[in-house]
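Single chain ahead, by itself, as structure tokens, in the form predicted alone.
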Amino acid sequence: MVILEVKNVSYGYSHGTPFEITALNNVSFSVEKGELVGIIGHTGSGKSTLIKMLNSLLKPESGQVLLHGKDINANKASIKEARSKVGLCFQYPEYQLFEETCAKDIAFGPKNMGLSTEEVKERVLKAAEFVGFSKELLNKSPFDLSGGQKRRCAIAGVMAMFPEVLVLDEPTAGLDPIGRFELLRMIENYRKDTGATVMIVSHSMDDIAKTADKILVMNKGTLAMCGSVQEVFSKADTLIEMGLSVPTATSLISRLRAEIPELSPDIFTVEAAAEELSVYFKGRTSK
């Protein structure tokens, strides 16, 4: 079932000046309920402008953004509904923390939704559970936390609104490999537990290959590709021409295939590469 649809959306900046730029040009795609969608593209490709369209922080100059088939920009009521159902978490959200405790910061969104005190409390505890926060951490000032904990607290604040569509801009930026793994696992747990749709903007091809059901590739304000992990990353040459890369495992296997052509070209994660090499070497040992 389609939950979100972008139809022929265009948007530009600085019209009528020497700095005029087309950020989005006739972009169209749809997102199914429960999907995890990766959004990739070089800097300036239109990714940030696109995600701001999804809950009406920016309005298309032409085209529509539909949530459950309804134009989110139709009127004030539809905009308000979109902002409660499409949760947007910007890059480095920890810089937006401001309350005296983590619990109060996480509660900010649900309170603004007009929920009861009891419902707000329940949502804070559930969101804290999603990001692995103990009650002890909830009572701490967010400014006393580590960088990774601050990031999780900020994301919990968006999760506490229980959005039907959770949009995250570079959620793992600046984190070490363990921190990246843990955060992606928490996001996946949120998706499985709530049935929400998740959209992740990322420069990490490895993260996208490991988590996404579908990938949108933005290039110079247009949607250059839209497809499965295999459909997108199998077009490595095209991605490289756009200034992008392919997953580390894909690059490794590609080089190895020059000597071992039996290896599958459809390898996009470290786990898949390890399995493929294990099968190959076991076969050689048995021979």
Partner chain sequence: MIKDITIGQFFPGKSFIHKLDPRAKIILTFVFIVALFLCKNFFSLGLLFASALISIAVSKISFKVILKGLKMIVVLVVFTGILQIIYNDEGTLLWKPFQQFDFAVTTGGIFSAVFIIIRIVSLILFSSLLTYTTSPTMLTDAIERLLSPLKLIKVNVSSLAMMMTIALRFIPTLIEEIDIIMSAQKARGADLETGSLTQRAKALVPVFIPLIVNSFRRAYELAFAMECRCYTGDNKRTRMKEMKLGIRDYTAFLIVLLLVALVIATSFFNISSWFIFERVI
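For clarity, every value in this text was computed on a predicted model and none was experimentally measured. Residue numbers count along the first chain shown, from 1.
The same protein has a further form, the form predicted in complex with the partner chain, not shown here; the description that follows concerns it.
Put simply, P171 is far from the partner chain in the predicted bound form: not one heavy atom of it is within 4.5 Å. When contacts are judged by a 4.5 Å heavy atom cut-off, L88 counts as touching the partner chain in the predicted bound form. Taking the partner from the other structure, the partner chain in the predicted bound form has a heavy atom within 4.5 Å of a heavy atom of L97. At a distance threshold of 4.5 angstroms between non-hydrogen atoms, D207 is out of contact with the partner chain in the predicted bound form. Interface residue among A236, L252, L57, A224, judged by heavy atoms within 4.5 Å of the partner chain in the predicted bound form: L57.
Heavy atoms within 4.5 Å of the partner chain in the predicted bound form are found in one stretch of 191-199, 115-123, 132-140, 80-88, which is 80-88.
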